[in-house]
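Shown next as structure tokens: one chain only, the form predicted on its own.
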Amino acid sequence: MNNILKTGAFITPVVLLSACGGGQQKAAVKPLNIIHIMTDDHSFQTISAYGHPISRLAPTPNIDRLASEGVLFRKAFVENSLSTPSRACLMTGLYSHQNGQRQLGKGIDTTKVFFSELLHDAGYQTGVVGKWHMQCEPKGFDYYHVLWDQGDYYNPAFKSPESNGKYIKEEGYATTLTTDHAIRFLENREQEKPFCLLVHHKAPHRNWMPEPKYLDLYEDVEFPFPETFYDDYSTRCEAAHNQEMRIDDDMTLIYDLKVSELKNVEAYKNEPNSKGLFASLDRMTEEQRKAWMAAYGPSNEKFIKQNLKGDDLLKWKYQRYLRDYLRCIKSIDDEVGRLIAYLEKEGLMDNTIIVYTSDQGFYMGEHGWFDKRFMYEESFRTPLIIRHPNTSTDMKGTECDLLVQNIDYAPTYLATANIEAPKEMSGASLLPILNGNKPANWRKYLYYHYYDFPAVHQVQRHDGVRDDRYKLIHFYGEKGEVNCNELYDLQNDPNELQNLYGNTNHTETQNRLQKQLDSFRTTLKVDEF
């Protein structure tokens, strides 16, 4: 047990025995409620329960509370590190090529069953608020209040059944408004029925615009630079060299870092995405804009006067990036706390599973990058914390090192409701793990596949396989013309700096992983690689 859950195990509640086969007790316990909180681009490095140096300077006490009362997963991953595909995996329990959503934009196969439909048919009240970001209507939901596209941080537009298909602008900050609508769903629910509520925040998605009360937060904090900040990708394939996600070269001063005073400077007036910042400022109320300019104006003027170049400019960009990103995280943590407070007030904590996760990981300067997409750990790995209500006092605060993936959410929620998952679902229920058990047939390998190329950030298409220690990545071109491989020993090289592919000392491992990768491609019927 200790090598699975480091500090203990869950006491198995009756409802979980029902979900795992205790049929005689199925009618004795009302199914648990489900709350799935998912942020956009939230790195595990910036949740203090994970213990990363960055988060020690910017703690997340409310998210940490969920970890202290539940299970923190150390090896949770996505199947495709991109927003819309990740959401499709959540809803269907299927890999990207199975559900059709390989890239951003169109793609989702709406004939596939969403887990929300099955919960709804079984008597659950279902709701989704915040970011939906799939080009289909929310399926299987009694209630939805979803953002337009990615959503705006300030005064965003939402669509609901009451808006007749129109997106209506609402005054406020997106993170706060999303929680408002989550609580409204809970207030108006039929209390005799169980519920499943998806709370999907826009934050901390690019371009990281903090809410007014936190515009100055962390201004005097110097965040540590990652060990790989100056990575030269010397042992890696061309994909690592050709990406466009460097803080140095690709993070913009106007759009990303909010130096709006540069808009009329010849060298910056055509900077990519710069119009996006001014569109966001135009959305603000007079009061919001005044607070914004009071916070950013003086520091921007100081920056311009310094006329930083080279490494000094790079370091300034990194610090501004982290401060803005972490300011957005602070608001998320506040709103998680507000939602918990509501559940406590209404007596719902004792019969509600609360899941906190992100749609993928994110680079906080590792390898000199921001964004995601690659199969390297910082974007492949995602935070995952599950608080189950039926945990004894001395068993709280456990950690799990088993390999789990975002295709596992749908079957987990169906098992929670005592619903048999469709046979075609590729994911597996996490409930046995939450009971403190390791299923005998639990996966030893994960499969990953990224398709969105050519596209923003120019990350090459690739697929790969990871086990508990090693990772094999295969990069390929649109017609297979690019063929390059990377192999990493994550135990001895956790930063993934030494590509071991072709190293004769690792031939056995390389062949084993290649065999497993070939097996995934065959059994899952992958049609490009």
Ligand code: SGN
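The first residue of the shown sequence is 1; numbering continues from there. The shown structure was predicted, so the numbers you read here are calculated from the model rather than taken from an experiment.
Beyond what is shown, the protein has a form predicted together with this ligand; the following relates to that form.
This ligand in the predicted complex is not approached by residue 376, whose heavy atoms all lie more than 4.5 angstroms from it. None of the heavy atoms of residue 314 is located within 4.5 Å of this ligand in the predicted complex. In the predicted complex, residue 359 approaches this ligand with a heavy atom inside 4.5 Å.
The shortest heavy atom separation between residue 201 and this ligand in the predicted complex exceeds 4.5 Å. Contact with this ligand in the predicted complex, defined as any heavy atom within 4.5 Å, is confined among 483 to 491, 459 to 467, 63 to 71, 40 to 48 to 40 to 48.
Checked against this ligand in the predicted complex, the candidates 428, 76, 108, 82 yield a single residue with a heavy atom inside 4.5 Å, and that residue is 82. Screening 235, 273, 135, 242 for any heavy atom within 4.5 Å of this ligand in the predicted complex leaves a single hit, 273. For the stretch 177 to 206, the set of residues having any non-hydrogen atom within 4.5 angstroms of this ligand in the predicted complex comprises 205, 206, in sequence order.
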